[in-house]
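Before any questions on how it binds or moves, here is one chain, the form predicted alone, in structure tokens.
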């Protein structure tokens, strides 16, 4: 059994629960064991590094230091989230490349009785491990329900293949790893040149107009090329394209209904798993019609339970919020 350390990240316990569920569903068939880091903390996402460098890298490196304490023969730290992967890889890389930074970070870690020697861990994204450790041949052998007839747009996002400190990916602009995997599952992979274009990240909270333009470009590109759905490897990408698609439609007056699923959900389907075991049906843009192309029935989603909007916190798309009466409309017109 292949054993790895796991940094799950915050999203897998909240907005990306379907990613976590589908990942857990494919571990046993692929003979993979993931050991979650104990007492891990948020990686700081994309903003904190632009605010205060040393505390930001110290926050990230704390997870690396905790992982080292649990190594027990496992030297690879796996991150399913692209932002988490990039932050962890950055911290390891820059602590080694810039010794002064490494020293300051370790001084901060020492306050908690921790230390991290850069280069101790091999930080990798989940897709990388599946492609290059498990291998496409081994994955193909587990396929019992090929995704033949399902047209999929492979969307890797901008953070995974760049800057690629360890040269893991086939190409920075047009990597083939995700489409190679989808083909092994039997899917009809469309030519999708926007595979590494940005989804906008947290621009939905900062400049909605810009975010909607980026989201529309990606969704329209997949739709124009005949995709039934898009497959992603990142919780932030999935959230933006799924949860804000309705807001984007309202802003531009479009009517796209492009389902956004995690690649692990498609793997689970190809392995013969039931949709509910993979978190399918919890997405906001339903994949029900798309998955009919492979004979998979997705139960109709129940009506969302009414709940009050939080008084504080980041604004969320109106489709995720209910005030007990009607949807709130936040789209900028």
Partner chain sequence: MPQMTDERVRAGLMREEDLSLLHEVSMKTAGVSRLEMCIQCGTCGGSCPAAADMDHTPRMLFAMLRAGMREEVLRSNTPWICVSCYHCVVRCPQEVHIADVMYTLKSMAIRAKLYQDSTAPHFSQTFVGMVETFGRGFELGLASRHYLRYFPLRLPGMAPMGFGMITKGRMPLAPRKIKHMTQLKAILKRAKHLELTS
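Keep in mind the model is a prediction, meaning the values are calculated, not measured. Positions refer to the first chain, counted from 1.
Keep in mind that the form predicted in complex with the partner chain is missing from the display, and what follows is about it.
Student: Using a 4.5 Å heavy atom cut-off, indicate which stretch of 197-205, 145-153, 130-138, 183-191 touches the partner chain in the model of the complex.
Tutor: Contact-bearing stretch, as computed: 197-205.
Student: Just to confirm, with a 4.5 Å cut-off on non-hydrogen atoms, which of 178, 222, 239, 123 contacts the partner chain in the model of the complex?
Tutor: So the residue touching the partner chain in the model of the complex, by this definition, is 239.
Student: Do residue 169 and the partner chain share at least one heavy atom pair within 4.5 Å in the model of the complex?
Tutor: It does not: once the partner chain is placed as it appears in the model of the complex, residue 169 has no heavy atom within 4.5 Å of it.
Student: Contact between residue 264 and the partner chain in the model of the complex at 4.5 Å, heavy atoms?
Tutor: Residue 264: no, not in contact with the partner chain in the model of the complex.
Student: Using heavy atoms and a 4.5 Å limit, would one call residue 50 a contact residue for the partner chain in the model of the complex?
Tutor: Yes, contact at 4.5 Å.
Student: Even though the partner chain is not shown here, does residue 252 get within 4.5 Å of it in the model of the complex, heavy atoms only?
Tutor: Outside the cut-off, so no.
Student: For the stretch 63-86, I need every residue with any heavy atom inside 4.5 Å of the partner chain in the model of the complex, listed N to C.
Tutor: Read in sequence order, the lone residue that approaches the partner chain (within 4.5 Å, in the model of the complex) is 86.
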